[in-house]
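Have a look below at one chain only, the form predicted on its own, in structure tokens format.
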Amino acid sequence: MNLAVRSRDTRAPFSQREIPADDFAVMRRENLARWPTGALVDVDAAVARHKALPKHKQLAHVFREAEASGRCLTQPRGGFGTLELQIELMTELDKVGLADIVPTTTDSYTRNEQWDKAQLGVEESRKAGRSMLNGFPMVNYGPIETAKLIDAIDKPGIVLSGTSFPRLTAEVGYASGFTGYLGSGLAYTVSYTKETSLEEGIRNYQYLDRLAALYMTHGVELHRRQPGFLTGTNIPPSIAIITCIVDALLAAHQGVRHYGLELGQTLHLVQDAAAIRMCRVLVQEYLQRFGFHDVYTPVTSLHWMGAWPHDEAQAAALIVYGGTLAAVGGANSITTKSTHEPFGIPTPKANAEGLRMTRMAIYLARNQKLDAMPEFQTECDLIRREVVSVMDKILEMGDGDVALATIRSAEAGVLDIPWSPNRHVKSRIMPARDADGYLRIVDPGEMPFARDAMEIHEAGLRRRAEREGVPFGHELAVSSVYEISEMLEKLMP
């Protein structure tokens, strides 16, 4: 029998406003009652557990220390279907991969709140002696058993949930001693769901952000992070940064004061460095416009989120180059991949190797920056014009309320995401790589980018179309999606 019931809070009108304490207490009781392990969540006990963790296992502290010393932290992804296999993986990533942050990725059933099916997956994994799930079923194990994952490592742990429905997973994760949680209402809803409305996705993450703020009132600073990689295709920096701004504002209104930002790499050194710089700058500018002057927003660079080549040497080059991009760009951390990326879930050994490749690249690129390069300053200025022209229109449509602005602007196409599966965004904007390797926009859809910015995009894309002898249009966007996964014989004949 499926005991899971999806909760949709409809008590208060939808808005950016912080959920009142009494309402949140009721929401928490209802949420924790949806699966038996929810009864094991005790905030007082969880607060005591967090306060007992050494500083080097508290992610918010680790981020601040890393920034003060100029370090770029490394973090992989990874999740298996049983507690024993997950402990083995996390230990390998910690001790052999030298990860600075150790993840637990949840499985697809958990992401969709199908905990009865996840339980079957646990049982089948035990019988088979290998993982039959593509992640760890955290809710099924509950906070007491899941806490053993944190006890097994000597680094901070972060939950990678990949879902628009984080409420119960977040309760279990934080109660277990994980000090970080990845996910946001806009980015994950447009990335992973078809029918889920933006309102429901935002409400669900308002719950999570309010939960993080609840811990803060008890003296426990938790790390929340926005997953800016979106649809796993070509995402120009301005689109990712706009999404970061929206999600950061929504989190801040719920009381979050430690909110990480993620950017998928474009694989262009100048553009990625400019994106990291302007993400940090522009998110802070908009937070402060709303009166939030105390939100810490570290930036994470993500290894290439698009299609990967099957050739192991080419994949290794992407890993090393990605570490270089993060270091030169000044990212606070990088989320790594492995040479198994095009084939499926990596082995612990391959995952650890990807970490070490990245760490070596970061070491080699240390203290190198592009600030004096004219192209870097030009790209920073271009990203600012792109973001401000769209973001100001989004906010204008909400009459001062970011939550309402998000819904209304998405309906109008002013806020848009390339190749989104979600039917509540128009997905008309089309990006493509230009003649110089920058990710540009070949068709803005209804997004109100500044005209002078679009002229720069068009010029570079027309040069590429002319060089390759193809029409200027959507075909440039389609071919750009698969470009990096092509064999070298085609890329460099």
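Quick note: we count residues from 1 along the sequence shown, nothing fancier. What you see is a predicted model; the values in this text were computed from it and never measured.
In what follows, reference is made to the form predicted in complex with another copy of the chain, a form of this protein that is not presented.
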- prompt: Even though another copy of the chain is not shown here, does it sit in the predicted complex so that 216, 240 and 244 each have a heavy atom within 4.5 Å?
  reply: no
- line: Given 246-254, 314-322, 285-293, 218-226, the stretch touching another copy of the chain in the predicted complex at heavy atoms within 4.5 Å is 314-322
field: Contact label in the predicted complex: residue 375 to another copy of the chain, heavy atom within 4.5 Å
entry: yes
query: Any of the heavy atoms of residue 46 lying within 4.5 Å of another copy of the chain in the predicted complex?
result: no
- request: Would you check, heavy atoms only and a 4.5 Å threshold, whether residue 353 touches another copy of the chain in the predicted complex?
  value: yes
message: Within 4.5 Å, heavy atoms only: does residue 362 come near another copy of the chain in the predicted complex?
response: yes
query: Looking at 27, 41, 435, 456, which has any heavy atom no more than 4.5 Å from another copy of the chain in the predicted complex?
result: 435
field: Residues in 268-301 with any heavy atom within 4.5 Å of another copy of the chain in the predicted complex
entry: 268, 269, 270
